[in-house]
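Form predicted alone, single chain, as structure tokens, below.
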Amino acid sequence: MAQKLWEKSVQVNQEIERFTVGLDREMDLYLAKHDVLGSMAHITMLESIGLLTSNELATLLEELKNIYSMAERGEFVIEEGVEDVHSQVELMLTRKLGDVGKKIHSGRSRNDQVLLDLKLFTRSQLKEIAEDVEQLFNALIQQSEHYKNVLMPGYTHLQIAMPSSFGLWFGAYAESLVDDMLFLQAAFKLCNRNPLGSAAGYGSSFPLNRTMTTELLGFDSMNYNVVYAQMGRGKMERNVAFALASIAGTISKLAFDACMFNSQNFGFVKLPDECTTGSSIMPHKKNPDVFELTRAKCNKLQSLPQQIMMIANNLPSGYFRDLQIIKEVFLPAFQELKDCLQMTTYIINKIKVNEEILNDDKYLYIFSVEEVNRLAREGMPFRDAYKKVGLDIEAGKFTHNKQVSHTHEGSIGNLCNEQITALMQQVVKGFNFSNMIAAEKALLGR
């Protein structure tokens, strides 16, 4: 069995090791290429303060690039008996390069290594989430414009209420994503600060140049106070989880609407056949499985902030092993949300709308307010108009031509999709991913 980085003369009981390591090896595979990237920045800084020679730096960087490529290809593994990704990278360097591989840890603790890895991983995932949200947003805006003149019933208390339109329905979820994206941008900015150099949470006696590693990794700034940098473990994940949960909440509600509107009792939309399944006993069934699973996954994602809070909530300052468990719920969440976003975008692009819904007179009464407003515009006091239309409905005498003319901002006849799109573009621009991308490419020589 390989010795742990921290192990001295006494080996740990295997059952205790199994319990304490848990799923950390599997979770650390998410972090592998980010751990390598962080090490590349760290050793570049170490050379600048005289802890590595230029030849040692060049040799180490070359081999770290090889390990990074291996991780990109999915070939990086954490060997049996090796505790974590940090130990595996150092072991690979030492095997290949000898004692120089042991020098990369100077001025670091595994505490600030994992803090850094988590931030590098998270910011890259947030970029991918933002791109997927933008794709779904574009699909919703496109469908909103396409069906902007197709009316549908609006509901309150699941009772037919007033006229709505598919333009409004699709556009509402698009604008919801703008707010979600703003939340995501805040999470990205909170994440995009450099903890490297905080070591175990109390700094280092080496003259580390933290500004240099901040610039090399393309962070907006650093977590300046080394104690706070360590306190950020769990806080960053919780804040990001709230942003993910906000997006998940929007998608879950959209999925619920679509499942309901797809049912025969509504018949408002038709989902793509490839996104539905049949029954083993009922030959007529077309079940909206993709959206049902999306709804369930998104509801599960909305519990993520609470899970993280319950793990980290009662910890004082300093590092505690409890924090390891956060990785198990946090790291896989990004792919789950990306899957939901991509499936939802696929369905929204292919969904078909029933353009003849309001031909059915069971929806006639949604136009009652339109009639009240017409009478009020013609001079009848609103309360009298309300009473007249109510009495006509009771007497079965209410009629309406089922046409509406709304003009104010954000209404059926004035969706403001251009303004909503401009808001989204402004938020996307505010992420400023370019610094991160440029810094990582420069480190890798790409």
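For clarity, every value in this text was computed on a predicted model and none was experimentally measured. Residues carry their position along the shown sequence, with the first being 1.
Keep in mind that the form predicted in complex with arginine (ARG) is not shown, yet the notes after this line are about it.
Considering arginine (ARG) in the predicted complex, the lone stretch of 304-312, 146-154, 203-211, 103-111 in range is 103-111 [heavy atom distance within 4.5 Å].
Shown here without its partner, the chain carries His86, Arg321 and Gln324, all of which come within 4.5 Å of arginine (ARG) in the predicted complex through at least one heavy atom. Proximity of Lys119 to arginine (ARG) in the predicted complex falls outside the 4.5 Å heavy atom cutoff.
By the criterion of a heavy atom within 4.5 Å, Arg123 is excluded from the residues contacting arginine (ARG) in the predicted complex. Although the partner is absent here, Arg233 lies within 4.5 Å of arginine (ARG) in the predicted complex, judged by heavy atoms.
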